[in-house]
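To begin, one chain is listed below as structure tokens, in the form predicted alone.
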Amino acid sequence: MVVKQETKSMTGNDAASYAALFAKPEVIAAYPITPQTTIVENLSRFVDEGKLEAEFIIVESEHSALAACMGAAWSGVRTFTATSSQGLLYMSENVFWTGYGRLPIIMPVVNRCLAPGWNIWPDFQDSMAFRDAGWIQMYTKNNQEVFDTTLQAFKISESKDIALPSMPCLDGFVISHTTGQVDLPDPEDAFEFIGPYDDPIIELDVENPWAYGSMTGPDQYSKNRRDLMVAMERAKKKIVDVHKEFEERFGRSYGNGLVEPYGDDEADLTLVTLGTIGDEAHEAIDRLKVEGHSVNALRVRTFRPFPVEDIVEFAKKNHKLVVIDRAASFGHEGPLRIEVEAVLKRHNVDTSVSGKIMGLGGEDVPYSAIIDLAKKELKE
């Protein structure tokens, strides 16, 4: 049964802050950076108005923001922060400490280009730089998905058999500062879906002290990293299960939670995308279909853990993939293309893969540009 919901107009940043409000974190650490700032500003207001009972910690840097969340997570409470671009880089030491330390902190990243030169517009270079930091990464296509994904992230990350931080990603300005319609459930329905955080995998106790982060030998260190890999694999099923439960309760879905296909099951060309470019690809496919072209799409919603099985099965039914990246692995290709090609080769899938890096520096990627790319690929 789908619960009653209220439709409101809000920005993508507002959607992220409402998801956090409904999750009732006990500690929020905040440092402003464009275009993330309004997420934590909203939460500051919620706390000030008495809508949220939380310790709101104003810190002097992004590094300190995540450090404060780490301390709170070690004490066994639900925590939240948000950042972007250079701020994410500044907290980089603690990003790895959080992931490798299995702390289930939720931190939306509002994607913005990295300097130099200074640029406030979106691409995915910032979050992609941390794809190996032990965080679940989910890329959203619109304001509604920002709310839904951030809410789901609490339930996924805080599961005791997962215990991994989550990084819901949203395109700066394209989502963060653009207003759209968002269906909001009743706050108590949303909290009931997540549940309280009352069984943390790590919880420091002054009555029973122990050391965390001390010197570790090779054997234990290797075991810890293997455990993290296993937890990431388990997270795939958890993401699918939580997504399905969310759909049954709130009536919205995005594929299976890992990937979102669009169009026919089989086509001459498949567009593989991340983020808002996925929405533009849908419009391009609809127009190409009218012209008689056979094109479909696969939006990778969850980049970490990487949805290997879903991509392999989809590729087996299709003839050619063109992967659109909004980031570059300099000296090679786009990160998404690299991963897709590697996965198909490892599983002996001979579907052709090509790629195109688009949208760096906030360059617009309209459906018309995707149509041109698709037509060129269909001719080759």
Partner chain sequence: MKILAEITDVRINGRGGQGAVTASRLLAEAAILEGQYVHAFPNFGPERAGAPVTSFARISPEPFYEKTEVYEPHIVVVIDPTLLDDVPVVEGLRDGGTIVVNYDGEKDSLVKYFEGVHANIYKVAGSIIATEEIGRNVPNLVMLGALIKVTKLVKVESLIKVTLNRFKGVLGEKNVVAINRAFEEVE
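Positions refer to the first chain, counted from 1. Here the structure is a predicted model, which is why all the values come from computation and not from measurement.
The next section is about a form of this same protein that is not shown, the form predicted together with its partner chain.
Proximity to its partner chain in the predicted complex holds for all of S9, F173 and V290, with the criterion being a heavy atom within 4.5 Å. Residue contact check for N142: one or more of its heavy atoms lie within 4.5 Å of its partner chain in the predicted complex. Its partner chain in the predicted complex comes within 4.5 Å of no heavy atom belonging to T150. Contact check for E203: no non-hydrogen atom falls within 4.5 Å of its partner chain in the predicted complex. Taking the partner from elsewhere, D268 is found to have every heavy atom lying beyond 4.5 Å of its partner chain in the predicted complex.
Note on contacts: among G195, G76, G180, P187, the single residue with a heavy atom within 4.5 Å of its partner chain in the predicted complex is G180. Among the residues F130, Y262, F250, F306, the one placing a heavy atom within 4.5 Å of its partner chain in the predicted complex is Y262.
The stretch in contact with its partner chain in the predicted complex, judged by heavy atoms within 4.5 Å, is 281 to 289, chosen from 92 to 100, 130 to 138, 281 to 289, 241 to 249.
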